[in-house]
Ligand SMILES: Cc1ncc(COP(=O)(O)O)c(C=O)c1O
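Only one chain is shown below, in structure tokens, and it's the form predicted on its own.
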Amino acid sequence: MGNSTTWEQQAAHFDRTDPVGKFRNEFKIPEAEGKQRIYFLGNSLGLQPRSTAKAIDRVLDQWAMEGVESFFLGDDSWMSLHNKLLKTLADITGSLPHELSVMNQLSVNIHLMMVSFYRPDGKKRKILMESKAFPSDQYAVRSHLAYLGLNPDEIIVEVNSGSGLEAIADEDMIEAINRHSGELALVLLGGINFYTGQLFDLGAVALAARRAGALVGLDLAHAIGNVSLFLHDWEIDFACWCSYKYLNGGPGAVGGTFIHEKHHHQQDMQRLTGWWGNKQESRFQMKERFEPEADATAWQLSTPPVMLLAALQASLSIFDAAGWQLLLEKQKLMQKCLAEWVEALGGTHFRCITPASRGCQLSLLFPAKGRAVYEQLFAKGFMVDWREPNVIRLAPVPLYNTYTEIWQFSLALKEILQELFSAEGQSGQIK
């Protein structure tokens, strides 16, 4: 492991040779007192692309000039906007474009997918989830079961790591699926756990679920736009996500769903319906009987939020220009730098609870003084976040963060640890 000077030189070299580094200029970086802050919060809310305002203004101009006819006029018609998002999202999710629908927000889509994909049948009625799943999943599942008159405590099987604060081994997840296979109806898993930052082996989990005769759904809020996904090839039944984290769609951005094509033509499929899921060619005939589209858009309910679609398109166009594979390569190198420059500082002061299988996020667990460390980092201009009871999360994003920022973070963290723990005679733990 190199010293601080070597790290600084490495960071500078990586930034000089970064093939996607120029795309940082496409984003508005938060500032304080005229100085750019170091923003490591893509796992909570991605930064605003500079093109977002122009994209929304374009919709406002169309509305002002053409009114409702904007749905149908020109190459930029509002009716065409949804489908223009699908190719990029298909590349990012490893799916086919007709398996995707951009609609609603995450929690709404989970509720809709539960209607279609939770199919209790005799003994097979249990739902397997990870412990400490994001609350959207827990609330949606528990309320759906209560609505059906079922006791969530009897239906939900949670897989945990023992302490509840550590990553869950993939082997434990698969073992739980096998152990409950006779009673399992659905596996609902976060692609990346929001607390630990763990990326599950989703292909292996999906295979185990299929062998157990269970359907599998994913919450990809922390995975989409972050890591490689192969939803179609893994035969995931459904997935939902928000678009305001790594996809930079803005606060409350329109979310999305994946529904594997094998379900598109199932005649007995239960779902809640709305007029925008009706076949486009007959949608405006206002028929009384619902005629579903023959793809994932059949699950759409309402007229799409055009300005939110435009905001998401502004961000996705940057993904297209940068190249998804190049962004993934930078993310992996950034994680290597985090491991060498940040994790190595831990000693007895903190421990990384994010396993090697990860995306952008790193979660650092502090036995003591973690909140004080967080507050000092924030005061120094590092925008990270705090999760109770004792974890600091940071997520350098390849689209707009630099390697030098990671080095600067490691240097600041080292100084803070030395200051906070030197009085206890523990400064020697900091390398």
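The structure displayed is predicted, hence computed values, not measured ones. Don't overthink the numbering: it's just position in the shown sequence, from 1.
Only in words, not in the display: the form predicted in complex with the named molecule, which the text now covers.
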| Region of this chain that lies against the named molecule in the predicted bound form, out of 270-278, 170-178, 87-95, 238-246 [heavy atom, 4.5 Å] | 238-246
| Would W324 count as a contact of the named molecule in the predicted bound form, using a 4.5 angstroms cut-off between non-hydrogen atoms? | no
| said: Whether F134 contacts the named molecule in the predicted bound form should be assessed with a 4.5 Å heavy atom distance threshold; does it? | reply: yes
| said: Please tell me whether any heavy atom belonging to I318 falls inside 4.5 Å of a heavy atom of the named molecule, as the geometry stands in the predicted bound form. | reply: no
| query | Even though the named molecule is not shown here, does H222 get within 4.5 Å of it in the predicted bound form, heavy atoms only? | reply | yes
| field | Option touching the named molecule, based on a heavy atom within 4.5 Å in the predicted bound form, out of Q331, Q105, T297, S116 | value | Q105
